[in-house]
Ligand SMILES: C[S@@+](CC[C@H](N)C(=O)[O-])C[C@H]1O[C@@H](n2cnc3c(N)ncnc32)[C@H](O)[C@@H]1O
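Here's a solo chain for you in structure tokens, the form predicted alone.
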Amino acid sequence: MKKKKQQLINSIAEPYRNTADPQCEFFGSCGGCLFQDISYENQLLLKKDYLNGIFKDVLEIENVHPSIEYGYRNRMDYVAAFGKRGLRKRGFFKEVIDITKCPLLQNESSKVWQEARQISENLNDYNFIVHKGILRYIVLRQSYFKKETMCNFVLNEYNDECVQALEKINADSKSIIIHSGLADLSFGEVERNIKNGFITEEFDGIKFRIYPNSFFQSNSECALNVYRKIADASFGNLLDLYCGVGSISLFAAQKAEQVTGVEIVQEAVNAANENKELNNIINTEFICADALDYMKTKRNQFDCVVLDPPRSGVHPKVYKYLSELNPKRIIYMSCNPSAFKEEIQYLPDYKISSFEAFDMFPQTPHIETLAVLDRK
């Protein structure tokens, strides 16, 4: 499915290419960006074409809401392998491009990256082919509006030399994360926090603490625009499935009477409750549970449901219980338009009242969509 999607996007993008000069010297070899040779105006057009191809028998998209073109990313996961620090080569998992700078990074985290590259040069990196070594990833995070930075070293095993190197980096928060399995992951158990152990982002006065393993949208400016629309569509007793650190729940609490956030990761629920206390928002509660297990026990208890699932989408069985829950409105934020299109079939009693697309990831094929579905 992923390969077919990539082929489809490439075929749509081809007529738009060679309309801009790439800002990155590694474009073409690095696997991070695919559209830097396409003008931003044309990027928005091709994404609109892509969406209209997916939803041609359901609805028509008139435009994709733009974002800033560069310098927007809140997070970047750099591989440390084979004496290099960077991203994998396009189409070659076993090769790493040594990235000295990236125009997608915000200014503050770009400075941290320069330090991290230099300071980590002599550290024993991890060979993911033979599974030996120490330093696996260098993960940078930044809050767009608060300008706070985080640098995480993901290690195969605890190492004092890596700790000492990380302590020298000038970031607002730093962490040592241990991931010792064979899977290629840039997260794991937080072994040690240096300084605060978190950074803070702020959306319209609502503060969010972001920890090393916290999921948070990669484009704060674009996410804020989406959250405002979610809040405007929210009402009554609201259920937020896949709530993460509670960012949507706490934002929607401005308009809803009561909000219940459900998330399977206990660390995220802990952060959500901390964010709740930080903002003194009293009409929210957060529950650690699997979405499917939670939905099995609920009937006619919610007026509105917010869905912001992972890229794989919502499990089909969740829709069975969602139909029995019978909310007046479902608000679906999706980073996978194809998955959302397939899932509409599970909601025959609902109609799409509004559908909008947002360019959360400029220079890449990814698109974020927001649909409001009302009960017929």
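The first residue of the sequence shown is number 1, and the count goes up from there. These figures come from a predicted structure and were not determined experimentally.
Below: the form predicted together with the named molecule, not depicted.
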4.5 Å heavy atom contact, residue 291 and the named molecule in the predicted complex: yes
Taking heavy atoms only, is residue 265 within 4.5 angstroms of the named molecule in the predicted complex? yes
Close approach of residue 212 to the named molecule in the predicted complex, 4.5 Å, heavy atom: no
Taking the named molecule as it sits in the predicted complex, is residue 247 near enough to touch it, meaning that at least one heavy atom pair lies within 4.5 angstroms? yes
307-315, 323-331, 52-60, 38-46: which one contacts the named molecule in the predicted complex at 4.5 Å, heavy atom to heavy atom? 307-315
Only one of 78, 128, 72, 227 has a non-hydrogen atom within 4.5 angstroms of the named molecule in the predicted complex; which is it? 227
Under a 4.5 angstroms heavy atom criterion, identify the one residue in 217, 109, 284, 143 near the named molecule in the predicted complex. 217
